[in-house]
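What follows is a single chain, given as structure tokens, in the form predicted on its own.
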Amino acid sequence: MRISVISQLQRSFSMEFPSLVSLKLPSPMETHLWYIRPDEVKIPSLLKHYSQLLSPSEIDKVSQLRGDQLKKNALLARTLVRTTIARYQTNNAVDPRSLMFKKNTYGKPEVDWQNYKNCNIPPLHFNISHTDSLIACGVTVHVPVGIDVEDKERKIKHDVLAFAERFYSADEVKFLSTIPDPESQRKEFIKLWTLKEAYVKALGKGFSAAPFNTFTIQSKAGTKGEYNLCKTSEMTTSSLEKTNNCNGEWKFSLLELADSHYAAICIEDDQASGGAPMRVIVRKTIPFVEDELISESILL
């Protein structure tokens, strides 16, 4: 499905922008992943409209950044969060401009729902990640979510294995060392990094609470894009062949976005779901202009 009003916008920059398309809340064990490509947002009046959605403190933070591209990306990131969350307020009680945010004890941003005592607000969780050329926001209900996006062509300045030995678990280093092709090894390194970032962000306790070398991410046998979390303390010398010691409290998905990025999603397993599979719905957006359904996938 593709909803577009680009041609109308190009004909009249002074027009009133349409409302956001409301959506149903994500189901249990379902993640909605929205992304935007900054180079596709070029209309000055649209960027001005986005700036009107931000709080004074957000506008101040954006204005303090150096360089037009950094300012634009920061504006788009904050716009994506506000418009994404607002889509799920089907009673129209919350609009993007009125959303207020707070940080948890460890600095992870959250919506400050206490400011909406008269509204029937669902327990939405969100997380955001970005590169220079892509910005993504993940949304879940009831369970924490962490996401990370990385450019597939990201270069590693140091030797891949030497870099992995500094940050990854021994089992992950061992896995990377079995890959003879340097380019394939680099790609697997980036995939692991993306997955690890997503897990740490889902925990919401900061990187000091879960250093990368204290846990192992490994692919789930017989699947594509599914991974397990294994605690280093639980690993054995044959851990690359065994997954029965892996932690099932977290579910992972690794996707490709726009043929240029890896995107990792990590959510806490909702015990009330009774072991339901993880479902991921991906949409590309230019808020108020275009929404495009990219994919729907179910992961066991």
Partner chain sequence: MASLSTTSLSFKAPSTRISQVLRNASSFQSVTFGRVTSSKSLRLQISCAAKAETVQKVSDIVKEQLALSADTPLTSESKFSALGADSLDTVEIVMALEEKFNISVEESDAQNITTIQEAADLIEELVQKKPAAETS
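Numbering follows the first chain given and starts at 1. Please read all numbers here as calculations on a predicted model, not as lab measurements.
This protein has a second form, the form predicted in complex with its partner chain, left out of what is shown; the following refers to that one.
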- prompt: Is residue 150 one of the residues lying within 4.5 Å of its partner chain in the predicted complex, judged by heavy atom distances?
  reply: yes
Does the 4.5 Å heavy atom contact test between residue 69 and its partner chain in the predicted complex come out positive?
no
Taking 4.5 angstroms as the cut-off for heavy atoms, does residue 156 touch its partner chain in the predicted complex?
yes
Exercise: residue 100 in contact with its partner chain in the predicted complex, heavy atom 4.5 Å
no
Assert contact residue (its partner chain, in the predicted complex, non-hydrogen atom within 4.5 Å, options 107, 182, 211, 123) equals 211
Assert contact_stretch over 220-228, 78-86, 161-169, 174-182 against its partner chain in the predicted complex, heavy atom within 4.5 Å, equals 161-169
